[in-house]
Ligand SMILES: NC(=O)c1ccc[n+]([C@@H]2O[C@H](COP(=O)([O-])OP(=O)(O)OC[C@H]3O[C@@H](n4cnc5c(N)ncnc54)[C@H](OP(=O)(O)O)[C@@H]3O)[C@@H](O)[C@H]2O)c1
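Form predicted alone, single chain, as C-alpha cells, below.
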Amino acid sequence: MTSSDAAATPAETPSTTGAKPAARDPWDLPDVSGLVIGVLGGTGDQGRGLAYRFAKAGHKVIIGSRAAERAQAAAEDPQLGGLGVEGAANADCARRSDAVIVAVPWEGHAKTLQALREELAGKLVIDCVNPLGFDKKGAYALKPEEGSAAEQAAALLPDSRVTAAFHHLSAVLLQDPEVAEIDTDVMVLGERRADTDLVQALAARIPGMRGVFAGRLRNAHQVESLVANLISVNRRYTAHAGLRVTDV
C-alpha cells in the first residue's frame, strides 16, 4: 500500500462510509448495431416484418424455416433480398446468429425449440410467440403448462439466454414500406439485465419503437395474453393498435 493509499480520507473510500454507487441510468443501453439477427418463423407475417425492419436498420438478418428452400424463397422477395436478407434451415439460422427471434406459430413452438437446443446454446433468444385460441367469440389467451410461451422456451433451452419481447406488433405495419416509423413500445422481459438491455436496444433500432423493461419471465403470460385484447381492438376499430407506456 502506498502512502497516498494509507492517507485516504473516509470520503475517498465509499466502503467505509456505506455510500452506494450512483443509480444506473435505465436508458443507458448497449450498442447492438453489429448483431446478426436470426428469425425462426421468418416466412410468416410477423417474422418477415421483423426481418424487414431489422435489415432496414442495417443488421445482417437470416430467415429460418424448417425447409431451407422455403426460407431462401422468402429471402429472395424483392423487399427482403434488396436488403441482403438470407434464408436458411432453422438450425443453420440459429447457429449463424447472435440473437434469435422466435416467431413460429404456437402449435410448433415446443417442437421447434426442442430440435434446436444445441444450436441455440449460449444465444440470446427473444420469444415473441403468443399462445392464443380462437372461437366464434374471437381470440382468447391460452396458458401453457409452464405458464407462458417464454417460460416454455426457457424450460426447453436451459443453456440459452431466453427473453420475451415484440409480442404486440402489427405484422401489417411491419411489412409496409410506406410506414416509416412503428409507433409503439415493446415490453421486454427476462432474467438478466444484460440480456433485457440488449433487447431494449434492439427494439430502439426500429424507428418509432422503444423497449421498456416489464419484469421477469414469470410475468410473460399477461404480456402474451394482451394480444387477444389488441385483436379485439383492431377488429372493432379497423386499426393496427400498439402500446405506449406513460411516465417512463
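Since the structure is predicted, the reported quantities are computational estimates derived from the model, not experimental observations. Quick note: we count residues from 1 along the sequence shown, nothing fancier.
As for the form predicted in complex with the ligand, it is not shown, yet the points below apply to it.
For the three marked residues, G34, K60 and V100, no heavy atom of any sits within 4.5 Å of the ligand in the predicted complex.
A single residue from the set L124, L80, L157, C128 has any heavy atom within 4.5 angstroms of the ligand in the predicted complex; that residue is C128.
Residue contact check for D45: one or more of its heavy atoms lie within 4.5 Å of the ligand in the predicted complex. In the predicted complex, the ligand sits beyond 4.5 Å of every heavy atom of V162.
Within this chain, V104 lines the site of the ligand in the predicted complex, having a heavy atom no more than 4.5 Å away. Residue contact with the ligand in the predicted complex: S65 places a heavy atom within 4.5 Å of it. Look at 168 to 176, 139 to 147, 92 to 100, 116 to 124: in the predicted complex, residues with non-hydrogen atoms within 4.5 angstroms of the ligand sit in 168 to 176.
Looking at 68 to 95, the one residue that comes within 4.5 Å of the ligand in the predicted complex, counting any heavy atom, is R70.
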